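As a starting point, one isolated chain is supplied in structure tokens, in the form predicted on its own.
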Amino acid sequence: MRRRAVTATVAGFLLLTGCAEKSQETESGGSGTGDITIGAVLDITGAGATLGGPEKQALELLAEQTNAAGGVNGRKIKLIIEDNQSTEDGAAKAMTKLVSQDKADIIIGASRSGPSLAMGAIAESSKIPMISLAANVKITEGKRWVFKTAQNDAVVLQNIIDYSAAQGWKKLGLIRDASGYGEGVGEQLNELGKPKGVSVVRTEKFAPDATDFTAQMVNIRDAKADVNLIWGIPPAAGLAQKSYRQLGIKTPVFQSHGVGNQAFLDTAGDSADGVLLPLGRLLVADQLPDGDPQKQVLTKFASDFTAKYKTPPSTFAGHAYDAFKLAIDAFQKVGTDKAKVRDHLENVKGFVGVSGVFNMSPQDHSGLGKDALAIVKVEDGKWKLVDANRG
């Protein structure tokens, strides 16, 4: 039913934009005057709230800073944020509003893969640049107008495979989110793991809002893998971690980059100790050498965010930072003509962000490779850098 609802929303949007295309081009065709409208669709409530909340804060902080500094070439930023309530249909409806009613110059979002995929068709049909904050590689596959700032799930998985192979862990158990975020993870693990002899021996799934993981963890325990991977976001991923330890499973365990925030540590508690995960460097910025190319960007953002909100930023806030800064960079250099913004984003090179150093191309609208992630371990409730992974 949800897929049908999303399809109907997108179909309705196509009719609407077909009728209003000319007027929209006239009003927002890059005239170079008036406010620049940045629309954002975030998972502020619902299953993705631990992602969307910090992203909203980051965007508001950056818009405030940009306007205080005089805007972009004298033009103020008008930021409009919509809550998709962590649903695909909500994301499609919010995207439609921002494009057709608010005449946004660019769209940022959504926080998670499913809602981002729902928005992608609208971005393509309306020819508006969109920068997703989610991980699934399918978000940008075959797309001209869609970009993303979260590291692709494929590069996350490659880091897990490489580390596992180096430890001699060849059999991998997978417990994954049943939403778009977890879609294709098992298949990618097997494909990427072939050269190093790493393969999935058991896969279990859980709903994004699940609270009981006993059955899945019993099956994973009985599979007797060398290492297990829990692939989800808080709070479910934290609860799954607690269940893993409560069943007395001693096998080493990875979590995905989807748990890079305090909410995971708070939910998982002591059971998080020993967890390994590939993460962007924001959460371990203070442990990086001074010569690290990202350190200055990371420490300034962390300082600004903490000063305003009295709490450190999560990696998800970092994805929003990157999307906003990439948009501003494009507006500064080519104005608000949507086709020029798209072309500029597609050719970004050496852009130092929070999630990594971006190098986009027509074949890669993510622009981040394996070295955008470091291997981190949870020790005594804190993030500890294990491997900076700089070549």
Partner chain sequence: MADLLQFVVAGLAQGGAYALIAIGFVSIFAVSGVINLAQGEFAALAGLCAISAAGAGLPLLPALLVAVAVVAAVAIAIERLAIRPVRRMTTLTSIILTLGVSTALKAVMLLIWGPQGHTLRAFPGSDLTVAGVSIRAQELWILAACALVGGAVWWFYERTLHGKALRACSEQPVAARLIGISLTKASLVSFGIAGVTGAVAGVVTSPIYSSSWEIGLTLGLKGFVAATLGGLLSVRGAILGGILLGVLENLVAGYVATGLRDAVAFVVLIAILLARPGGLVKHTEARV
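In this text, all values refer to a predicted model and were calculated from it rather than measured experimentally. Residue numbers count along the first chain shown, from 1.
Keep in mind that the form predicted together with the partner chain is not shown, yet the notes after this line are about it.
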| Interface residue in the model of the complex among T336, T66, S366, T50, criterion: non-hydrogen atom within 4.5 angstroms of the partner chain | T50
| query | S303, T211, Q296, Q101: which sits within 4.5 Å of the partner chain in the model of the complex by any heavy atom? | reply | T211
| Out of 317-325, 284-292, 136-144, 215-223, where are the residues with a heavy atom within 4.5 Å of the partner chain in the model of the complex? | 215-223
| query | Quick one: is T45 in contact with the partner chain in the model of the complex, heavy atoms, 4.5 Å cut-off? | reply | yes
| task | State yes or no: in the model of the complex, is some non-hydrogen atom of L247 no more than 4.5 angstroms from a non-hydrogen atom of the partner chain? | result | yes
| query | Would K242 count as touching the partner chain in the model of the complex under a 4.5 Å heavy atom rule? | reply | yes
| said: Using a 4.5 angstroms cut-off on non-hydrogen atoms, would S179 count as touching the partner chain in the model of the complex? | reply: no
| remark: Restricting to 168-206, the residues within 4.5 Å of the partner chain in the model of the complex through any heavy atom are E204, K205
